[in-house]
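Coming up, as structure tokens: structure 1 and structure 2, two forms of one and the same protein chain.
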Structure 1
């Protein structure tokens, strides 16, 4: 396939709105890379500049080391899959997939073989004679995927292709896209604001905010080693809990942390220099244990059954947090219980900058 490199890529609208702020990024050959972030963070604009659908203000887009900034979209050898499927309603599934191949003046027999090959790969081989209005949303999206694969581009670009599907079908299509990627080895850039979608699909995730790249890493890296509060809060369902604590003098076993109904010791070297100051403690819902002799007292305020686990909304003083617990744990609304943070599974953040202290 190909590599995609962005060098100081910038997009400015109306000479004042900086949608993308000079980002640098390398997409590796055969990688499934996800651009993730909230609405308006610049991820779709970045993809459209790669595709040639958006003019570059500054910087370069290189595909396989060749600058394509001056090339029209049709000459960049990329295929784009859109949120709204964009299949032609007056053509059958076969004709939709074959259209770009016929434009390339491919032999009729080769077109038929290629269409059947990608239809089989996309799970729509039995639908080739149907029209789009005879298909479900998921089937139409598979047609769009098959059409993109058929032309064998160097790069696949996918702009929130699953967002119009219902929840169950979206999960199924994630699996299908992952299997198609493994079969084709295609270099893929995928845009989404859905962090669970990003976690399940990506080889690497690029987290964006306000037109800038905040963190790049594998799903495990961005989840377990979030560089700042924004990432820790954005990644994960439920997201990271943040509790305000004051750092005391160092004791034999570590630094004493005190907060609203909190008093425990943490052996974190990153707290050096923060004695007498406030920091934010961040802990994920699954990294909290409920034990009878645990040091922190909480009150159960709400229970959300999830089948495999329960999400418990707990109150510690005036602060609220969420726990992911085994459904066999017997808790009731307004019941006091005791909890402890798993050693080494929580992080500290600067309350002013939001940066993680223990990097």
Structure 2
């Protein structure tokens, strides 16, 4: 099995576009690592440099501790799943999967066995004689997956492999990919801009923005301990709510926070030094409780039922926020109610830099 290490990895296109700005990253053996970030942040570029499809401007890529910068793709022992599948249209499914094995001069019977094995794993054993244009998008994607696992690579690279599938299939393929990862145990780098995909698949998530890594951590860490406003806003549906509050003097139980229709006390040591200043309070939709005698007054503006829970848009003064609410709680549109942020479940962010205060 294998590790992948990026050292000061940098990519400059056409001498001016800095797509990747010198990132450091260690992908552990057998790990499912997800590169997550908005469009154009350099995810694909990073992945292509690992695969050897893009020249490295500066820095190093190490696979199993060996620098592979000078090696062509075929010598890196990686396999890749492309966003648009890239299955070869002039080859049958069998030929597609067997191609890499034939190049390796594998024994004919062995090839057949291997193809059958991975076809079973990807659920396409009945399609082996078909050509790609006789397959649905989802089936083509499975062929791409089967082709990638057939070579038993050191490292799997997947560039938004699910983004061309419809919503339902995407969720199903997610489960299947995770299943396959569990059974193969291969080190995997998965690129996506869909945070829910990242959350459900990843052992660790790497959040990128403008060619730089913003945060690396388990899904739980990036969700509950987002390092800055960007991450807190990017992760989660609906994302973190941000309220602008001003910090008062320290009282017995903590700092008094005041804002538009807001007045409550929070015991957060990170607020030290911010007395008299404005900060951003970030709270996740599910970290808000509705209680009779809660300190904050709000008005219900919109209810979006999700089955298991309701998403409620609440108005506090001029500011809006979203709550994830148990459907049993009876709320009506334009009805006032009272809410409270669960203690210890909300964070403060510097309004200028966006950094979290209690890092």
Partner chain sequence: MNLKSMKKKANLATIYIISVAIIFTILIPVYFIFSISFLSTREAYQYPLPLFPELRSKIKLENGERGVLLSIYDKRNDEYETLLDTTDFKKMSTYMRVNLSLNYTPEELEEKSKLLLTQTQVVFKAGKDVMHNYKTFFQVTRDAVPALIRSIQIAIITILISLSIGGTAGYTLARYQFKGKHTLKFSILFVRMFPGVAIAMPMVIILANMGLYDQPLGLSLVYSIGSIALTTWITTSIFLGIPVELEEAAQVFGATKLRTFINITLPLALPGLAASSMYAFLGAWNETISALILTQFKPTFAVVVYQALYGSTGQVNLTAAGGICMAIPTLIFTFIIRKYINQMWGDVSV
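Throughout, rigid core stands for the largest set of C-alpha atoms superposing within 1.5 Å between the two forms. Positions refer to the first chain, counted from 1. All values derive from a computational prediction rather than experimental measurement.
The form predicted in complex with its partner chain is structure 2, not structure 1. Fitting the two forms on the rigid core leaves the C-alpha of residue 196 displaced by under 2 angstroms between the two structures. Put the two forms on the same core and the Cα of residue 129 is off by 2 Å or more between the two structures.
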